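This document opens with one chain alone, in structure tokens, the form predicted on its own.
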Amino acid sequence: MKKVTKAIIPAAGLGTRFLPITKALPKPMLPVLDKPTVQYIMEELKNAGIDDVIIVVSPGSEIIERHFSAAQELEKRLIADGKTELYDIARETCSFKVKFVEQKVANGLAGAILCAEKYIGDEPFALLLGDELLIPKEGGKGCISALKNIYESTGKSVIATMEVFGDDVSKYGNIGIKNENDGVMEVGAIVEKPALSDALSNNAIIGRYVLDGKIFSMLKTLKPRNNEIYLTDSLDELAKRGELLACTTEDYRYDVGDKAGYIKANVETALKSPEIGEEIKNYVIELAERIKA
């Protein structure tokens, strides 16, 4: 069975929900505490043993490339000042094996995946959407690691899912389940953001996938809808062939493409910080008392 050693991170969105900051700063560079969201995703991949990564960017996103490159003048100054811990933090961003490719036509997620085809070939790959941060619980192995293991043991594409209810059902791709065995579900069908009455289940697709390389040829046959080609159309075809699995994750999930989700991610990450966690905890308690007053 093929091993999963490559990954794609689509990072070409315009980030219009975060204007005006995203006029100058690409959305994947928005920080959660002191690291950009894209670095958290790179760390997730590194922990899963996937170190060959393609980031799909929009034109004018050179700042992302700079973040993962050496900053020689900064590094020299940190060494000269004896700030070795900060030097190690700065150098860590250069430890990732990253390639960049531009998505010049804004034709959706499937279009971004196709931009990376020349680097993937017919190999399986992980796909991680930049709007979602998944942080493993203590002792957990992490979502993408679990998906990787399922693919490598079955040879079938696999997607992450979570339960949603009410109006949230219509915000996500929705999957129908044929059966489940030891936490791994066989997917029978997928619909994209259905009305509540048309939903197949309460299982929503979240932004973590491990896909077989055959997905590229499938994506090329899709007809655009609303000027986009939809990954879910090819996933639905895989499901109908009996070639798509799903599993839930116990990771903490933050939707950092949403303003409220982004703030929650920052607050909870700050609370876990050895440096400022206690200070932020006391502040949150004080703030809660003020709000109640």
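Residue numbers here begin at 1 and follow the sequence given. In this text, all values refer to a predicted model and were calculated from it rather than measured experimentally.
We do not show the form predicted in complex with a small molecule, though everything after this point is about it.
Interface residue among 120, 129, 98, 199 relative to the small molecule in the predicted bound form, by the heavy atom within 4.5 Å criterion: 129. 232 is the sole member of 61, 39, 232, 248 with a non-hydrogen atom within 4.5 Å of the small molecule in the predicted bound form. Taking the partner from the other structure, the small molecule in the predicted bound form has a heavy atom within 4.5 Å of a heavy atom of residue 206. Residue contact check for residue 172: one or more of its heavy atoms lie within 4.5 Å of the small molecule in the predicted bound form. The small molecule is not drawn, but in the predicted bound form it has no heavy atom within 4.5 Å of residue 152.
In the predicted bound form, the small molecule sits within 4.5 Å of a heavy atom belonging to residue 192. The candidate stretches are 80-88, 136-144, 207-215, 178-186, and the one lying within 4.5 Å of the small molecule in the predicted bound form by heavy atoms is 207-215.
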